[in-house]
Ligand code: DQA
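Next up: a single chain in structure tokens, the form predicted on its own.
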């Protein structure tokens, strides 16, 4: 894990933007996050470009999480060092660079990286570590289903006869991307599933109602065309479940698994997220709960301790036909994203049982 200029001042420098956690605290967190996925994390920070390059070219490592700081925007030398190192790199930025000065959006380092994460605070390092861990465990191909950068999906285990199309959440916001579902994709692929981890346009990057729903439908159709599967399940988490439910209206013969899904947009969630997604549209028209065209079998799974999407969102939708509710005692909103933990192991058996009933 490599941090560039000025990252040593974390906790002091502009805490309203970068937070109050210091760099030594970040390093300690990253070592513990790495241990969760069987990775050893070595940390380094320098304000000098040459020292960062020397580190990349001489250290022994399997992958790198790099926050280049201001070098992001002009250091082709750092770009070349990453290419020369020949190991997968994930670029991380603590702040939301897309809502700050325009010059911060340009990265000359990103083309030398396999992924970029921004706008998630210091938790961006957490997700970067997990992405490196899971991409190393099972290879995938990234396929496009449209002309834009966000219209892609990561495909694993294409010879399987069961396909799971995964749709990530994040309250439809652009800083949250398909890496959230990496662990689930790898876990299901290891159980004999083909998995398509789907990306779509999000709010702030061209998405919102109804474009994000249209993207997800097109992506699902492309994934189905790419895999000769006998059974297809759409598995969405949070806002991703909302999109999967709506997309399934025009997709016969699939099953839907809603994990902590949002079903009613008449209820404001996510500190303004619903309003941002709707952009003035009728919330009932965009709410699975208030639509009457759902015919596909649906399994709704919700943790009883979810404080992001209230469990009653799933319970109310489950009252309809061909729907079943599974409440997970002690589950919060995020446990689905951590397959190495016990609660997911209980849920995945229920998902497999549900999918076995699909034709």
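Residue numbers count along the first chain shown, from 1. Fair warning: this is a prediction, and the values are worked out from it, not measured in the lab.
There is another form of the same protein, the form predicted in complex with the named molecule; it is not shown, and what comes next is about it.
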request  = Name the stretch: of 164-172, 190-198, 143-151, 92-100, exactly one has residues whose heavy atoms fall within 4.5 Å of the named molecule in the predicted complex.
outcome  = 92-100
remark   = Among 218, 73, 137, 87, just one has a heavy atom within 4.5 Å of the named molecule in the predicted complex, namely 73
ask   = Would residue 67 sit within 4.5 Å of the named molecule in the predicted complex, counting heavy atoms only?
value = yes
query = Closest heavy atom of residue 341 to the named molecule in the predicted complex, within 4.5 Å or not?
reply = no
query = Just to confirm, residue 205 within 4.5 Å of the named molecule in the predicted complex by heavy atoms?
reply = no
task = May I ask you to state whether residue 5 is within 4.5 Å of the named molecule in the predicted complex, using heavy atom distances?
result = yes
inquiry  = in the predicted complex, does every one of 13, 18 and 104 come within 4.5 Å of the named molecule, counting any heavy atom?
reply    = yes
